[in-house]
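Okay, so here's just one chain, in structure tokens, the form predicted alone.
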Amino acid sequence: MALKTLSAANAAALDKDLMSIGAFSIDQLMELAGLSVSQAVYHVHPPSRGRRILVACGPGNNGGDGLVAARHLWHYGYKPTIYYPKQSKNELYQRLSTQLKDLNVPFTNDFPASLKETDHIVDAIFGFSFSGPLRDPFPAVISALESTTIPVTSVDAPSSWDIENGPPKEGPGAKFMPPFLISLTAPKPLVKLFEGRHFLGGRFVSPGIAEKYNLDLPEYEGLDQVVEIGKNGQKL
């Protein structure tokens, strides 16, 4: 059985359906996505392996998911640090940043230095809507993620990857293969080229919307907001 995936166009359309048919707000969806990311991190990197988490956030929704995840990770007892070089002026993102600052979560502009002082990295730079070319400071950041031995959990897509075709043929990200990936809502086509542990998060898709997009989503257990899935979409 082949893993059913969601194209970039359908992912955008599904988000619109969640907000129209499903009556979700963007705030709710981002909160649920970030909660899923935080649980995936807890599964692959429990606090016993080190509490320092560097969360690299991009300027869009993927970065917003990272900000939410960082807040939840703080409440789990981790010590997140935020790298957010292109901070959005959007009121939602500003509130998410303020919530972290209210918890005294540090923000940094020095990614290389922060990389030396962390136990795990959350890559929330670019998601399913990414299209190149990369702009500063992200080429150097993605090259650092590509070469580090510190484990990375990528959110929805390893940053720099094309949603349909996977890693770029050359340049930053060409050899970027994080050990962990959490797909949000549904897997995207790039997962067919991903070699690490793959989680699905987004326990908010109704049966009607899943049927509309021909999704065969695995069941979540108990209170879990994430489920680990294999190459064929089977629950692990």
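Computed from a prediction, not measured in an experiment: that's the story for all the values here. Quick note: we count residues from 1 along the sequence shown, nothing fancier.
Although it is not shown, the form predicted together with a further copy of the same chain is what the next lines describe.
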property	result
4.5 Å heavy atom contact, residue 171 to a further copy of the same chain in the predicted bound form	no
Contact flag, residue 111 vs a further copy of the same chain in the predicted bound form, heavy atom cut 4.5 Å	no
a further copy of the same chain contact in the predicted bound form: residue 103, any heavy atom under 4.5 Å	yes
4.5 Å heavy atom contact, residue 25 and a further copy of the same chain in the predicted bound form	yes
Heavy atom within 4.5 Å of a further copy of the same chain in the predicted bound form - the one residue of 209, 44, 191, 177 that qualifies	209
Heavy atom within 4.5 Å of a further copy of the same chain in the predicted bound form - the one residue of 90, 165, 98, 148 that qualifies	98
Among 68-76, 135-143, 152-160, 121-129, the region lying within 4.5 Å of a further copy of the same chain in the predicted bound form by heavy atom distance	68-76
Contact check for 21, 31 and 203 against a further copy of the same chain in the predicted bound form, heavy atom at 4.5 Å	yes
a further copy of the same chain in the predicted bound form - contacting residues of 218-236, heavy atom within 4.5 Å	222, 223, 225
